[in-house]
Structures are given as C-alpha cells and as structure tokens.
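A single chain comes next, written as structure tokens; it is the form predicted alone.
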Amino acid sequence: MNQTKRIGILTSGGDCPGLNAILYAALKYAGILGWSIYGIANGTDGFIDIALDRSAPEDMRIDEHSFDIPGQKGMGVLLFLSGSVLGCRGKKERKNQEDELISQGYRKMNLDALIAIGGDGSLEIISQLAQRGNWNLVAIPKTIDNDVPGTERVVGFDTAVEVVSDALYNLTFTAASHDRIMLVQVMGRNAGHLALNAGIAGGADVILIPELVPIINDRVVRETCRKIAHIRQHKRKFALIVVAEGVQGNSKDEPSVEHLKRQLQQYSHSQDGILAPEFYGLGEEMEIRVTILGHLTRSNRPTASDRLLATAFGIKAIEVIAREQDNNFQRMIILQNGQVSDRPLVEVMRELKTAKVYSACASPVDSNGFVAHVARSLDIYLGD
C-alpha cells in the first residue's frame, strides 16, 4: 500500500462539471500514500506529445501546489472549477500511427497505472488502447447524459439537471408575462435522463424523450396541442415543453424543436384546433419561443452532489490501484445501490458494443421506472 507509484490521470471526451473534483481527490489521496500523479494534458493527445518529445514526462507531474491561486495555497480550488484543467481534446477518429504514438508515450511515462475519466465513447477508445498496450487502467465515468451502463449515476449529471431546471424556472416568468409556449431543447444525445429529470424539477408540462418519442409524429403533435389546450382551459395561458436532443424532427439539418414549433402552430390553425371541443382555446393566438440550451448545460460550478460523487470516485480509483488484485486492473468505478464500487471494464464495453449494433442507448430511461412514474403522476405528457 505504501509502495511509491506513478499514476497518470487524464480527462477525455466532452467536458462536464466535476472533472477537476476527481483530480482533486485522486491527487490528495495519492499524496497521502506518497505516490506521484502525472496529469496527461488534452486526453490521449498528451501521450503523443510525450512520444514526439514535445513534452517531458516530469513536466506533467502535479502536486498539491500545482494549482495555487493568489490568496489560496493548495488544490482545494479544484473542487469548484468546472471544465477540465487538464484539457479534454482528443480525436474520435485516429490513424494507426497515432495509436502507436499514444502507446509509445504511455510506455515512456513509465506509469504504474492510468486513471481515465470519460464518457462511453472515449472510454471505449481508451479501453481498446489499454488492452492492446497491456496498460493498468481504471476508468471513471462522467457525462451530463448519464448514459454509461452499469452505474446508477455519473459525474456531471446532477449539475446538468440543476442548470436545466434553473433555466426552466427562469423561462417560466417570461412565459407567464407574455402567455407564451416555451420550447426548450436540452442535451442528452440518444438518452432522455437529463430532459426527464430536469423537466420534472423545472415544472415542465410536456417532456419528450427519445425512449418514448423517437420521432415527432402527428400523434405527438396532436396530443401536445391537447395538453396546451387543457392548460388554457384551466386559466393558464403559458406552458413549458422540454425536448431531448435525441428526439428527431424531419431533418438532421434543423433542430427538432423548430420542427415541433411549426407543427404546433399548423395544428392550432387546423379544423380540430379551431372547432373540436377538447381543443377549445388552442385556436387563440399561440406564441411559441424556442430556446436551445446547448453547451450552457455543460458549464456551471459542480453541485455539492457532483463534488461528493467525483471525490468518492477519485478516491475509489486510487484504492483499486492500491489493492493490485486485478490483472491489468481494467476496472470502472461505479455507483450501485448507493455504494461506490467497481466492476470489470470489459463488461461495460460489451454492453456498449451491443447497444451500438442496434444504434441504441446502452443505458436508456426506464419508461416504466420511478422517474417516469413521477412525471405521469404529475400529469406531464411524455408522448406515450
């Protein structure tokens, strides 16, 4: 346990809140054990820089004073910083020559193990590199999409839910002031976790997620209009509609919320929208505004919950390396039944590959699960 080790750590894929908190925990715990931590800059590209002598291994060594700021000595500031101080740059498509340079860089670093923080796509790439290069690898899952299989939650998700629900809160008042329908598109790729959780917390009237609404069709448009009419018949003129980015419109070149906006307006002027009793009130002036939150969702200071999870994941990664019981480690840190533990990375990769074959999400929203039940109990229209 006290044997000196050289541990590399990198962040890959898209950034999200909580990455620096993982670094904080791993760096602090490793320091207590007397280990050395090396921050690999810009994901696996940092290994290429090492292989090509653009950086020296010892230049990447970090300690508790590597991130000092005026007036505060120590690494504590990392707990609160969003983004990644190490950088997340890295190519999804690489040439064989680049893979070889990455392996050369890893060997040149003379690491005992690597902690890789990433989402499903970047972890799959690093896992393949680790298997070919015989690396000792521990993976930590992060993404605002919460779509990594085998773990109940990942770093970054809680903060993203907070950002989106805050946006919905703010939009409520401008919507109410002008009797507008607010269409809000949120990130999440082909998973609806973010839209569903934030939509409930933010008071949405309609939440459309890809697990239940793969594509916006006539039925979804009609029932969304029915929901808006029902709200108006009960003396409220505004409404909030949340759409996950994985829900498809009729064109890849146009955001699905823009398509939905046109469809809602067209239906409100149709015969049903004007004459049918259940759509009474829909034919009145229906002003719709679209908001695409985009990368704002990945910003913001990490919430206390994300900081706690990130810290626990970082410590667990060091513990996995310290126990030295697994051949080449190849483990992923997970949250399961409220406890932080780890599982074989190969199992996670198998689930990801199976999902990719069917162009499906490896960890989708359970359409019959508790969160969906909560939404339906609040009379939120989910598109089913």
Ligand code: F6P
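Residues carry their position along the shown sequence, with the first being 1. Not measured: the values here are computed from a predicted model.
Not pictured, yet referred to below: the form predicted together with this ligand.
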Problem set entry | Joint contact, 205, 239 and 289 to this ligand in the predicted bound form, by non-hydrogen atom at 4.5 Å | no
Exercise. Looking at 230, 259, 153, 298, which is the one with a non-hydrogen atom within 4.5 Å of this ligand in the predicted bound form?
Worked result: 298
Seminar exercise, completed: Among 178, 107, 269, 89, just one has a heavy atom within 4.5 Å of this ligand in the predicted bound form, namely 89
Exercise. Only one of 107-115, 79-87, 248-256, 137-145 gets a heavy atom within 4.5 Å of this ligand in the predicted bound form; which is it?
Worked result: 137-145
Exercise. Does the 4.5 Å heavy atom contact test between residue 189 and this ligand in the predicted bound form come out positive?
Worked result: yes
